[in-house]
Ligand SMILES: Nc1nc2c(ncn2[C@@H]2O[C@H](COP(=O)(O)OP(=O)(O)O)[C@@H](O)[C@H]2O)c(=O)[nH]1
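One chain comes next, on its own, written as structure tokens: the form predicted on its own.
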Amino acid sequence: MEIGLIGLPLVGKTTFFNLLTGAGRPTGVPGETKVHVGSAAVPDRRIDFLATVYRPAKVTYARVDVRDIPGLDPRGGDRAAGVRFLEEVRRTDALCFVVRAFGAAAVPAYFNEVLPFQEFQELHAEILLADILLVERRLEHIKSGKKAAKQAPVEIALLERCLESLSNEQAIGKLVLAPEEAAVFAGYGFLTVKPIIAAVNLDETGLRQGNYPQREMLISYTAERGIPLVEVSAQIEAEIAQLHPGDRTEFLNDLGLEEPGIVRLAQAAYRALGLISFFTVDGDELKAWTVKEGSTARRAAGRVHSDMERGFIRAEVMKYRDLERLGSPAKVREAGLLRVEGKDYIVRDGDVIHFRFKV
């Protein structure tokens, strides 16, 4: 599962990519055309707490893949660059729109002033337009065909609904589909079905004041469409990354923050992909595993090892909240809260699971 970072030129995408992945890629490169791909750990206070309970030698966090896509220049007139941009977007499972809300004389703003809402609209419009053109071409192809397929009336009706939604700047991922429509819809590869996150790149002043140009407009627009919005300062995050871990809490407190913004961004990306974590303790390793929400215990066992899925017997499950409240696995057992579940049990976010299997 991969999330794509997209934005206009010089908004801080690659800085965020570096902070998430530790890749150390060059930043602020005008006309950059190279795509960067990396893996980001998803910080989770639950695994930090579990580490104090189990005291493992090794702790492994969940991870999410990140793709840093070169900046989009809608006014650049480079058609080939626009095509490459959309091709890269299609490779992703979710999108993070990075918009600029920082002032820096050395880095000219795209619109010659800081307009994060307008930047977001430019990116959103590009994605919407790509889907509109796809729908229009498909409708034209169906209607001009000499031999209409049996599903043509269903497909035409569906595409016309999609076009209406897109024309109203509404993503089509939330359309309610009949079973026969869903089968047709799945083959289109629409971009607006991808989950979106808005990441606002602030300077220190904006972060401290909790304000920046067009903030209310951006908040209102994203809230109406159910798009998570994360306000982060790449400048501050880079400074935090250089600090000794013991000094970070004091630095964050001075800024009025509970945790680094890059943590919230990683977690938002994880949720946008529809992922959850469950935890295992095997020998000396505590590990967070990633599965799609709604996965069964047997499927989750397969994430740990294929033998566990093939020879699945049962899953012994403790809820994280019970462990946190009672303080130890022994006390969870004493309270009768250790559950034995079968292969069809739906894994919950935060479950601590021991799989029994035989092959």
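Note that this is a predicted model, so its numbers are computed, not measured. All residue numbers are counted from 1 along the displayed sequence.
One more form of this protein should be noted, the form predicted in complex with this ligand, which is absent from this view; the next part is about it.
None of S165, Q235, T222, Q121 but one reaches within 4.5 angstroms of this ligand in the predicted bound form through a heavy atom, and that residue is Q235. In summary, among the residues G311, G327, G294, G28, the only one with a non-hydrogen atom within 4.5 Å of this ligand in the predicted bound form is G28. Proximity of L10 to this ligand in the predicted bound form falls within the 4.5 Å heavy atom cutoff. Interface residue remark: T15 is counted as part of the site for this ligand in the predicted bound form, having a heavy atom within 4.5 Å. Contact check for N201: a heavy atom falls within 4.5 Å of this ligand in the predicted bound form. Proximity of F278 to this ligand in the predicted bound form: non-hydrogen atoms within 4.5 Å are absent; the residue sits far from the partner.
Proximity to this ligand in the predicted bound form, taken as heavy atoms within 4.5 Å, picks out 226-234 from the listed stretches 129-137, 83-91, 226-234, 278-286.
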